[in-house]
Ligand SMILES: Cc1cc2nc3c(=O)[nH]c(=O)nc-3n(C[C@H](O)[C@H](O)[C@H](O)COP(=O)(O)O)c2cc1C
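Here we start with a single chain on its own, the form predicted alone, put down as structure tokens.
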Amino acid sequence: MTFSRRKTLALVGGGVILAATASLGTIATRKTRTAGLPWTVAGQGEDARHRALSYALLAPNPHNRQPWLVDLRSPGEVMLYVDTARLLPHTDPFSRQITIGLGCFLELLRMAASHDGQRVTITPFPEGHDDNALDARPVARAVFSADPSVTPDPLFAHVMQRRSNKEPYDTARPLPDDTLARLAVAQHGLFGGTIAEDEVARWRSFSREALRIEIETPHTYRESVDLFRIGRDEVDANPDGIDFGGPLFEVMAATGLFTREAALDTTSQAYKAGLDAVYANTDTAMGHVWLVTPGNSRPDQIAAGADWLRVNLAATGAGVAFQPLSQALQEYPEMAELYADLHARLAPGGGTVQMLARIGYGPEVAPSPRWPLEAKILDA
């Protein structure tokens, strides 16, 4: 769950916050010191693997958990593992979404290497896998080899501008008719979408209801709140999870207007403002896109991640804002009815809906915080 910066300002006593901003100017203007650095050093390093990994760690992933760990002890290889301390047991009980995030990581690794004259051969789950739980076995082995004939992936050009845009979109600006065709770059699963006004209205209502269920289910909502990073110091200390940085949240944190306790208190203004804020996002979708795979094995989920990264990058290249709406895809009992409804709509003949997102035109947003590469390399 993410609070819209603009909407929260309007809802949580805007005049009080503006007055506080004026009196707490130093706090209001503070920016993160280290959380954004990985975006500025991508592509650096003497080893081709380091250069590719410095881009791969910028990949989208659920709740920005950045669940990847890499072992580089074998020359020319990257062995990818999942950090099991970064799973989402309540909203993602089978780690399907986490696995998709790892697939995004691997595809971005491959793309980056292709622009560095390196061919990467990826073997998912070389020691086997459990479709119900991720464990200590490797997620993938990626073997690098210099190859001047490798074809650079053109979607890589959009990596540094890619975002998950969690702000309201411009409802006065419709998407061009060719939008879906420009985003149809999946190579494994079935890509679909709609920008038809009547269908978008139905998906807005559906995604709003899914959000309501996630937020009003105590154990799933608490999982998100526990991952809130409020203000510069928290974001720098833990550049993962759901970040709330920038002038507005610096002041709200300093004045006690926004805390985890307030967010959990369903009678508080912070909770009510946050609820309206996330609804403002779903209610301003100007189109929706999705991805369906025939199967739902771990390798299927890795492939879905590769496709999803490509769709996100294609949207970036088209100037289209993009935000995953994963709530109705979550596999816990309270969401079961909507999960079944979603599959009846999008996969009536069978298969698994792996991803759903809203698209439109949104404001420019900052990149998400990231842990540095050295924090993700397993000790030799």
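Since the model is a prediction, treat every value here as computed from it, not as a measurement. From 1 onward, residues are counted along the sequence shown.
Although not depicted, the form predicted together with the named molecule is the subject of the following passage.
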So in the model of the complex, does any heavy atom of Gln323 sit within 4.5 Å of the named molecule? yes
I'd like to know whether Arg232 contacts the named molecule in the model of the complex, with contact meaning heavy atoms within 4.5 angstroms. no
Can you work out whether Ser54 and the named molecule are in contact in the model of the complex, taking contact to mean some heavy atom pair no more than 4.5 Å apart? no
Is His188 part of the interface with the named molecule in the model of the complex - any heavy atom within 4.5 Å? no
Within 4.5 Å of the named molecule in the model of the complex, heavy atoms considered, which of Ala35, Ala42, Met355, Ala315? Met355
Residue among Ser224, Ser268, Thr217, Ser164 with a heavy atom within 4.5 Å of the named molecule in the model of the complex: Ser164
Which of 155-163, 247-255, 114-122, 188-196 lies within 4.5 Å of the named molecule in the model of the complex, heavy atoms considered? The stretch 155-163
Could you list the residues in 329-354 that come within 4.5 Å of the named molecule in the model of the complex, counting only heavy atoms and keeping sequence order? none
